[in-house]
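One chain is shown next in structure tokens, namely the form predicted alone.
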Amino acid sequence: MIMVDNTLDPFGNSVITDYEKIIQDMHLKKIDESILRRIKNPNIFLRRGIDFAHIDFDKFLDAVKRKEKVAIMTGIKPTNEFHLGSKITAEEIIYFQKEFGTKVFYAIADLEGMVDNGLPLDKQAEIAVDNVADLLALGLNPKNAYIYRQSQEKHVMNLGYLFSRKITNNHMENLYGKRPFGLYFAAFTQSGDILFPETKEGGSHKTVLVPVGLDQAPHIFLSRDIVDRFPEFNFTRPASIFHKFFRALNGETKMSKRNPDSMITLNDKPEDVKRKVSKALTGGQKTVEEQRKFGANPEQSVVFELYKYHFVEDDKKVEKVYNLYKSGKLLDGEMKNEITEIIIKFLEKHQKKKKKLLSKAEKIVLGK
């Protein structure tokens, strides 16, 4: 989907320069106080405006209030290690699972990885074990989740085939642009993932919420269109909540597996973190003297985003860093050193947990 100043590509790189405009262009709703007031314990993404827009999230909250059976659905293409962008989506679904007691459906999108990246299914299964171990270490409760490989879930594949009957090539081009047919079918399979929880085989959940980055919006729109074209299923249109991209460390687009040098992964060693953060984009001035005098620009700084998006739960701490940096009392080097130590401590703790959970992840993914 291409708009002025904004490009959304669920299969590649996306660029968003104007979030306000994209809300208008895509007819989304803002995450505002009317939403936040309805949630007892909003997470950092909701509190800090990182979750910025939604489709029918209010209706999902209505369903929760009515104590209807609801589900959370998302997934990952298992082509590389978890990076900080992957971490955001993982923490989102874990939050909703804990806050609302909601069952999570987590698709390992290996069919998409096969047609988009050319990776064999067995190779993706190995990567998926590592990804799922990260997910468990971050706090997902596997007893209230269904984690599956697309290639092994015939109900999802069957839905994808079925949905393709009533969607034209023009419809797909309008949503995704001209693509190889394999990617179109990957999109149908994603719609199968999204709507599977509403089927009898998926547990007959009444409403599904999909927390994702905005680049995945075409999959949400396709799924909602499919609901309209298959009234015999009595599906409810899926809801979605969209978070802003966490940028690559050099400040370009979003953090992506396609450019490993631009991302921090959850497997990184301390020396990796130090090297990567040291090169990250800042919002500082050319000299220390100028920064002391004129201050810095936190909105430009990916280093500040590391505080805002990750690792620091205390809002007052984030606000303090913002103000000190903007006023020139906090320098780039000082901020980099502090956040580097915070990240290293987080990763050391996370990796210890993960190591203990690898066998459980292997059993979930491979059935061993």
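Small disclaimer: the values here were computed from a predicted structure and weren't measured. Note that residue numbering begins at 1 and tracks the sequence as displayed.
The protein also exists as the form predicted in complex with ligand TRP; that form is not presented, and the subsequent description refers to it.
Of the candidates Thr74, Ser151, Thr102, Asn80, Thr74 is the one whose heavy atoms come within 4.5 Å of ligand TRP in the predicted bound form; the others do not. Though ligand TRP is absent from this view, in the predicted bound form it lies within 4.5 Å of a heavy atom of just one residue from Ala280, Leu214, Val210, Leu136, which is Val210. This chain is displayed without ligand TRP, yet in the predicted bound form the stretch 189-197 from 164-172, 229-237, 264-272, 189-197 comes within 4.5 Å of it by heavy atoms. The candidate spot formed by Ile23, His54 and Pro218 is out of contact with ligand TRP in the predicted bound form: none of the three has a heavy atom within 4.5 Å.
Among residues of the shown chain, Ala109 is one whose heavy atoms approach ligand TRP to within 4.5 Å in the predicted bound form.
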